[in-house]
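Single chain ahead, by itself, as structure tokens, in the form predicted alone.
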Amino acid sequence: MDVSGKVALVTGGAVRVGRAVALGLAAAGAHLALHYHRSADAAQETVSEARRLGVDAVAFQANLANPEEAWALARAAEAHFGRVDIIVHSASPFVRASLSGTTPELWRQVLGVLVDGFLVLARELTPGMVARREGGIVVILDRGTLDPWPDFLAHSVGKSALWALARNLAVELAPHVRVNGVVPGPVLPPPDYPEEEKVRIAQSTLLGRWGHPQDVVEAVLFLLRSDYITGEVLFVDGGERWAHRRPVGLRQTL
């Protein structure tokens, strides 16, 4: 896929990694349907920056946990641009809660955004992709997708379910729509992150350092452009998931 001139819907595209991906697609020439939930000011700033890159960009507000709002988002994006060729699902509530703190309301909101909202968008937007015989979907995952993360129970379960859904869509929508996932590692610390915690996390990767949001952007663009990859997940984590395999002595010297 040549993303230039295509229309990309990026959920959660107003802040952090979602914003980087949205602007990376705009820089590559894709028109931008930018979804946000509460970050209205950040969304408008991102849209303005995308327009300065020479593409059309519009921000759309929706709570993806509400199926009616997810449906309205899909309809609004298609009404404005005439089509949607790319979906990057980056929206992701990140709420710390173990079993005892996971209320039914929290569970429904987190899984609603991660899974239910994405399902609605896929149902509404992929028929057009199939009819045009070209489409690309990338879901943004994290370490909780494949490893238990009890302190973020709903988030971890939601990411696992999202990846299961994405794999199934890769099978069902083949050969014209390709569906893949990206698992970022430490690429963007929160603004108030303690310096010692940044150092500890850097040492928990094989490369001994943090990555950058642009690393995720490049991975998303690679998967969209690679016409012979579907149903796969690409780790962009500096080897974080294998760092525990280093010899003990080497781990202690880093």
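Computed from a prediction, not measured in an experiment: that's the story for all the values here. Numbers follow the displayed sequence, beginning with 1.
Below: the form predicted together with a small molecule, not depicted.
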*Of S204, Q44, S226, N63, the one that lies within 4.5 Å of the small molecule in the predicted complex (heavy atoms)*: N63
*Select from the listed residues V187, L221, V58, L53 the one whose heavy atoms reach within 4.5 Å of the small molecule in the predicted complex.*
V187
*asked:* Quick one: R38, Q109 and H155 and the small molecule in the predicted complex, is every residue within 4.5 Å by at least one heavy atom?
replied: yes
*Does the small molecule come within 4.5 Å of any heavy atom of L23 in the predicted complex?*
no
_Against the small molecule in the predicted complex, would G12 count as a contact residue? Criterion: heavy atoms within 4.5 Å._
yes
*Answer yes if any heavy atom of D142 is within 4.5 Å of a heavy atom of the small molecule in the predicted complex; otherwise answer no.*
yes
*With a 4.5 Å heavy atom cut-off, would you call P93 a contact of the small molecule in the predicted complex?*
yes
_Taking 4.5 angstroms as the heavy atom distance cut-off, pick the stretch from 171-179, 98-106, 122-130, 85-93 that is near the small molecule in the predicted complex._
85-93
